[in-house]
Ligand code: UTP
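We begin with a single chain expressed as structure tokens, specifically the form predicted on its own.
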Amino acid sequence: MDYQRTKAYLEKRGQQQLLEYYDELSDADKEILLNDIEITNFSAVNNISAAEKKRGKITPIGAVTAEEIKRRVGQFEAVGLDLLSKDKVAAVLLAGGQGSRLGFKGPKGMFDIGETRSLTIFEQQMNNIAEVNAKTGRHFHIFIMTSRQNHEQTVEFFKSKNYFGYPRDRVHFYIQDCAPTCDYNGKVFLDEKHRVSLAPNGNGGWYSSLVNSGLARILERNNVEWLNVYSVDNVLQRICDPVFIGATILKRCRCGAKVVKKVCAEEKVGVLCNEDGKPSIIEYYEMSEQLKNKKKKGELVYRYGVTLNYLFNIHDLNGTLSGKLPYHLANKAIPHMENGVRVTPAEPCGYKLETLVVDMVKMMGSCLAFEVDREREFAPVKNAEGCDSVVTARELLKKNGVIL
């Protein structure tokens, strides 16, 4: 767009502040700003007051328990292995985060969790995947979602490690889409005089970002039916687990979620439940004390914590591309231009707009809660020390026979 068209476009949306410094810019920077404005999704901030809604009626959800899985493991696994052998399942790794909370400068997946040898989070997860490949004799496609901040470094790291022995043509990288940041009145910030302030659009943007990248053609060409999406945080992730896949299909669910029993009512994990009769995830900070502590026969009623390991049917996922996925407001301290100077506030000053995978679960209509052994499958690396830390993850890896 040229300047006059852009000005009219912004005035119609009440965002003309983005041209505040236009006359001060070089021709090259003017072009960058006009392009930023053209690609920015302003619909995300059209009505930020409607971005957050009250929760509906929360009720417990049933699960395929560890006991049932043990009884039916052969049946479940056979179905899952059949689909994997036919290339009907692919994996999506959410790897856009940085390792700053671990004191590490770089993509979180590159953090070395080894003690006597080098073992990065990426490598450990690829080792877990190799266990499934050995059973099927095939390598499923892996799509790795990065961020603008860490894309090049992540790609180069995988190249330097020869993709950890994985076939190159089965590993695909794409960058997560962004949404604008804004003040409390919905006015979009400028990050610099010539750049619109953008931030990753939340973990609910993983599928739309994949489609927008053009990589969905690989899914279509191979007639992939299911996607297993998982987080880089957890070094014990079991990815494209044939037992999980088979159980989800045999239980006739449109998606599945690996869950662990909470260790206590206060554990800071999202809980899979029903909301107005549909599967949903309620975050720990959204739960009242009454819900958190409610028990039946000595067990927490809301006890199934999610591990960010989901299985989605692609046909149903396409329904999330229609723009119905809601935005959530993350109250943040956002660097931005103010009175001609770029400021870095110490306190929150506006919103990052995020879509969440939890809303995708709700849109599926049915979700299998698949209970796993937390000591075998849940070792999140969120902190340098303490709960869910490098220290606790290392101990769990050792319990699972991993040499560090």
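Since we're looking at a predicted model, the values are computed, not measured. Numbers follow the displayed sequence, beginning with 1.
FYI, the form predicted in complex with this ligand isn't displayed, but the following is about it.
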Requested in this report: Counting only non-hydrogen atoms, choose the one of 132-140, 225-233, 212-220, 183-191 that falls within 4.5 Å of this ligand in the predicted bound form.
Outcome: 225-233
**Report entry** Partner proximity in the predicted bound form: Ser288 to this ligand, non-hydrogen atom cutoff 4.5 Å
**Finding:** no
Query raised in the report: Can Arg101 be called a contact residue for this ligand in the predicted bound form at 4.5 Å between heavy atoms?
Result: yes
Query raised in the report: Asn203: heavy atom within 4.5 Å of this ligand in the predicted bound form?
Result: yes
Report task. Evaluate Lys108 for contact with this ligand in the predicted bound form, applying a 4.5 angstroms cut-off between non-hydrogen atoms, and reply yes or no. Result -> yes
Report summary line: Answer key: of Val243, Val269, Leu119, Leu308, within 4.5 Å of this ligand in the predicted bound form (heavy atoms) is Leu308
Report summary line: Residue within 4.5 Å of this ligand in the predicted bound form by heavy atom, from Ile113, Met126, Ile334, Leu94, is Leu94
Query raised in the report: Using a 4.5 Å cut-off on heavy atoms, which residues of 350-387 contact this ligand in the predicted bound form?
Result: Lys382
